[in-house]
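To begin, one chain is listed below as structure tokens, in the form predicted alone.
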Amino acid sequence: MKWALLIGALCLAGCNKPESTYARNSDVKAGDIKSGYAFLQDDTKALQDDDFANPGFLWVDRGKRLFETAETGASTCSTCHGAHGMPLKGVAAHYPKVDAKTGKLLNLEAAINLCREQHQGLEPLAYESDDLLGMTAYVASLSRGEPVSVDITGPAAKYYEEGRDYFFRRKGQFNLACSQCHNEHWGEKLRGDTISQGHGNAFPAYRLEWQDFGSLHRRLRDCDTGIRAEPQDYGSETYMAVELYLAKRAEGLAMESPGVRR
């Protein structure tokens, strides 16, 4: 209800303007790129900064245990990705990426599940389950501080364009595009909230609104629901493409997961 009222106010202010009012292909200027952290209140920043108080570390710890524990009939993740194998430090900063074997765009969650299936003979973990969130948070935490940097060339190009199109496309009963909030009005107040630029570098993250830990796809579903558009499925190709576009849009920002957001 809260977000319906907030976005409704923005809609009344802007959704009747002609399309040309909004720079259809305009994005946040490189020098203006700011993490969502910059728009948080001081107490929320302090919560993210304190590894003991940050509730997201409950999921990081869960993921670390799963990473180092063997499931029946399978080797541990740490067997391959330990200090003497293929360390994962910095890897999360380069996702989503296209898998060379399948040609599909994978985010970190999908890459973890593919590894389980192909190399451990295990069933994939359910999207948004605590186990998958934990594994994703642990792997992402190994890249904290690393700059976001993704490849949008070659087979990734079509996904990038699809994600960009979704970001600028008006949709839902409010006829709003993501870009209208996060490109045209970032930094402005909307009924007491400060609009961020909508970057995903802190996800998976703990949101105070949820009182829970969640993926970037959960946040995208919230946004679509807020503008009364049909949300996509978790792990959908469309949201994968949006995630790639957002990662490129956030290029250079430091990885923050497990982040804390409003």
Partner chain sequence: MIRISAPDTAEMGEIVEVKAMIQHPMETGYRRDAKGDVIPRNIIKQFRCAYGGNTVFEATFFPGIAANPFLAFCLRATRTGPIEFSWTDQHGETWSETRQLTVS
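Numbering follows the first chain given and starts at 1. This structure is a prediction, so every number in the text was calculated from the model and none was measured.
Below: the form predicted in complex with the partner chain, not depicted.
The partner is absent here; in the predicted complex, the one residue of 51, 68, 32, 237 having a heavy atom within 4.5 Å of the partner chain is 51. Remark: residue 58 counts among the residues lining the partner chain in the predicted complex, judged by a heavy atom distance of 4.5 Å or less. The closest heavy atom approach of residue 99 to the partner chain in the predicted complex falls outside 4.5 Å. When contacts are judged by a 4.5 Å heavy atom cut-off, residue 146 does not count as touching the partner chain in the predicted complex. Contact between residue 130 and the partner chain in the predicted complex is found at the 4.5 Å heavy atom cutoff. Remark: all three candidate residues (62, 206 and 211) come within 4.5 Å of the partner chain in the predicted complex, counting heavy atoms only.
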